[in-house]
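Heads up, the chain below is alone and in the form predicted on its own; it's given as structure tokens.
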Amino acid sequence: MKLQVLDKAEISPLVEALMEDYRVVAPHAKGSKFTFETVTDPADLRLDYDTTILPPKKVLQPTKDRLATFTMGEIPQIEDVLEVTPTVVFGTHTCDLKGIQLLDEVFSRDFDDTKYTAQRKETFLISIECLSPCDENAFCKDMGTMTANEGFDLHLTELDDVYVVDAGTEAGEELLAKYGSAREATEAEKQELNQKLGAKWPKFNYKLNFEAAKLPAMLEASFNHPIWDDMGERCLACGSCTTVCPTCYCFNVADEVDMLLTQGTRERYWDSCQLEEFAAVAGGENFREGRAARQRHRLMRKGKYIYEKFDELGCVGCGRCVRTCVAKISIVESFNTIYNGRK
């Protein structure tokens, strides 16, 4: 598809048209922060946001998700719950886009998670290019996620009065043709786009003291590094870092039964490897009872374990974990300390 252009004034009509057939989820202001919420008024959509509290993965992997309902009796009855809502996620940053790409692999490569994949098939991603760093804690340049050439259905880049639109899929082309009022980009607009993208690169700084590709081998050699004890002493085991992470996907499953023990529901909800009970097993044993072991596990997952399983690093450099941590533990500083070989 040739590059298309949408006037900025056409964004609200586009969203309004999409809302007739889809649930549209987009960034909204929440006090001084931003969150992805279902759009009820296109005027509330904020494409100028810095970052959101939670990543848009919550659309595909809800914080609490009903799996089944059941009734007790002589012959118990169990019914799966598979509710799919056609959805457009509007305004996804490229780091979060990469996070969704990883989750697509996680929930479909070896085992088809029908809850995730069914909703994913009915979810369209309209992403937006970050032309300047969204946050001082972000390190997307290090992780290769400061831009994107795949994973989106439509991708927007802001110029002075318009957005240049690149279609990444046929579905994206169809969305734009059906719901938008786009025109083909002029040569002048294409040149301006190239200038914007060229000017973007020096605005982003590298935060790691090494290439991210070295992470798996570096972490493998650092299993007994003293930094883990230091991080464990500082960590409050609150789980905030994993809660806001675009690539953490651990969950727990629990049954809720009514007072008469006649019917109930089975639900899954986000869980965190940083909570003490996460690795607890029968007999009172706990594989990662100490906070140091749990912090080591988190960083090993981000830089080694996920890579070994899915050929992708488990960190997209969004910086949310750094910003959220009340103990001021920085994954960037931790990686650099390990690389530098000092405590």
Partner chain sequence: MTKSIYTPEMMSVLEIEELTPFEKLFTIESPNGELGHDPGQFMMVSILGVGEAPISISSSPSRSNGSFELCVRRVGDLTNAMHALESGAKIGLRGPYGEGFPIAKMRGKDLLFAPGGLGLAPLRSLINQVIDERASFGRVTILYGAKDPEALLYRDELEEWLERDDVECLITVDNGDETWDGNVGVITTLFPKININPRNTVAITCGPPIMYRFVLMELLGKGIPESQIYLSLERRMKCGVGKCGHCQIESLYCCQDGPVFNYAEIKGYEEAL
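Everything numeric in this text was worked out from a predicted model, so none of it was measured. Residue numbers count along the first chain shown, from 1.
If you look for the form predicted in complex with the partner chain, you will not find it shown, but the lines that follow are about it.
For a residue to qualify, one of its non-hydrogen atoms must sit within 4.5 Å of the partner chain in the model of the complex; all three of 82, 249 and 297 qualify. Taking the partner from the other structure, the partner chain in the model of the complex has no heavy atom within 4.5 Å of any heavy atom of residue 53. Put simply, residue 278 is close to the partner chain in the model of the complex: some heavy atom of it is within 4.5 Å. Contact check for residue 206: no non-hydrogen atom falls within 4.5 Å of the partner chain in the model of the complex. Not displayed here, the partner chain is kept clear of residue 132 by more than 4.5 Å at the level of heavy atoms in the model of the complex. Checked against the partner chain in the model of the complex, the candidates 113, 170, 122, 233 yield a single residue with a heavy atom inside 4.5 Å, and that residue is 113. Residue in contact with the partner chain in the model of the complex (any heavy atom within 4.5 Å), chosen from 181, 194, 77, 186: 77.
Judged by heavy atoms within 4.5 Å of the partner chain in the model of the complex, the contact stretch among the candidates 236-244, 87-95, 249-257, 140-148 is 249-257.
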